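To begin, one chain is listed below as structure tokens, in the form predicted on its own.
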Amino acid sequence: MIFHSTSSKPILIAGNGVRSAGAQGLLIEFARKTDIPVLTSMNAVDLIQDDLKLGFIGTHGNRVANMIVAECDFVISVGARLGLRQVGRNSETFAPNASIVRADIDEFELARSVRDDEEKHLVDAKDFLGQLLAEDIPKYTEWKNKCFAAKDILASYDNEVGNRVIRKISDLLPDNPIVAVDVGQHECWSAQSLHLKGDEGRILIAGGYGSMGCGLPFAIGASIARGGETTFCIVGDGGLQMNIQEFEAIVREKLPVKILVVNNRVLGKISETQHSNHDDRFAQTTAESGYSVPNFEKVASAYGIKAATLSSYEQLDDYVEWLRDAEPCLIDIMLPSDTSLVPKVDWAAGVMKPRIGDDVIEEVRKTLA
């Protein structure tokens, strides 16, 4: 038996290994059969969507997801590294009240322990989930409902304009879309707040093996691979400039790639580090320190792609038809240059920043009790 029947607050953490094993269907079946809450790694945010979505864990993970991990009593990790960005340098603080079972196909990942007493299974994720589904596991509906209640309590926090942009885009996307995401602040906002309708959509996220500029080629490749199907590309102003010449490929191949630029006119992820860790010694990340942004609308128009510049994400409603037709387009959405990426786990202090009120934290803990 894999499952610990004595658990009252179990969770399953799914990593991209579940996708690699072709086991997403089994994962969704397990979640609906048992009502055990499923959280994901950042690379695997598209595995659980729609009414099952709680969020992803780690340094820039959803606050509720990290708080659920802190309160649970049993962790089943499938195809997830549980690396530094998920568990911190002192892994004993990760899921401190829980026993841990890890399943991975990579023996070298399992050679690194998160907890001395963890249970390890060197096995394909599809086979492992099949074994779990064959076990007699009770339904944890009450516990799942508590997790979603905690999510509701925290809904008004970490609500930066970047998150609101991504939620607005989510509202306008069709069911089961293919969305490619570049690298930067918008990547984390997308992982936190992009909510797909249906169980078969994809979020092609760079994770640890893609660099700035990957979003547009991801969207182009996905469209070609799916016979010219519509794909969506969420990209920052910095990432778009890395491969902007691929506009020509989109036009030449007549691909309906919808490019949504989240444009704060800074290299946000790097400039945040320069602000937080280097006393505002900005270098090639802001307008004042050597970074600039072209007029993307004019560039796209020069390639023959219809384009528009929006002063606010709320204007996206005026361009719904652009997102639905069979033509490529570019929509450049302006954000304030000082837009923040939150929350962030301070692993050394064991807190999430920015801190929220102790009364709210206590309310969430009581809800998850």
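This is a predicted model, so every value here is computed, not measured. Start at 1 with the first residue shown and count on from there.
Another form exists, predicted together with a small molecule; not displayed. Remarks below refer to it.
- In short, of 85-93, 222-230, 160-168, 266-274 it is 266-274 that has heavy atoms within 4.5 Å of the small molecule in the model of the complex.
- In the model of the complex, the small molecule sits beyond 4.5 Å of every heavy atom of Gln192.
- Although the partner is absent here, Val101 sits far enough away that none of its heavy atoms falls within 4.5 Å of the small molecule in the model of the complex.
- Remark: Glu71 does not count among the residues lining the small molecule in the model of the complex, judged by a heavy atom distance of 4.5 Å or less.
- In the model of the complex, no heavy atom of Ser77 sits within 4.5 Å of the small molecule.
- With respect to the small molecule in the model of the complex, the three residues Ala249, Lys258 and Pro328 uniformly fall beyond 4.5 angstroms at the level of their nearest heavy atom.
- When the small molecule is considered in the model of the complex, only one residue from Met212, Ile178, Leu154, Leu132 comes within 4.5 Å through any heavy atom, namely Met212.
- Of the residues Ile203, Val183, Leu173, Val114, just one reaches the small molecule in the model of the complex with a heavy atom at 4.5 Å or closer; this is Val183.
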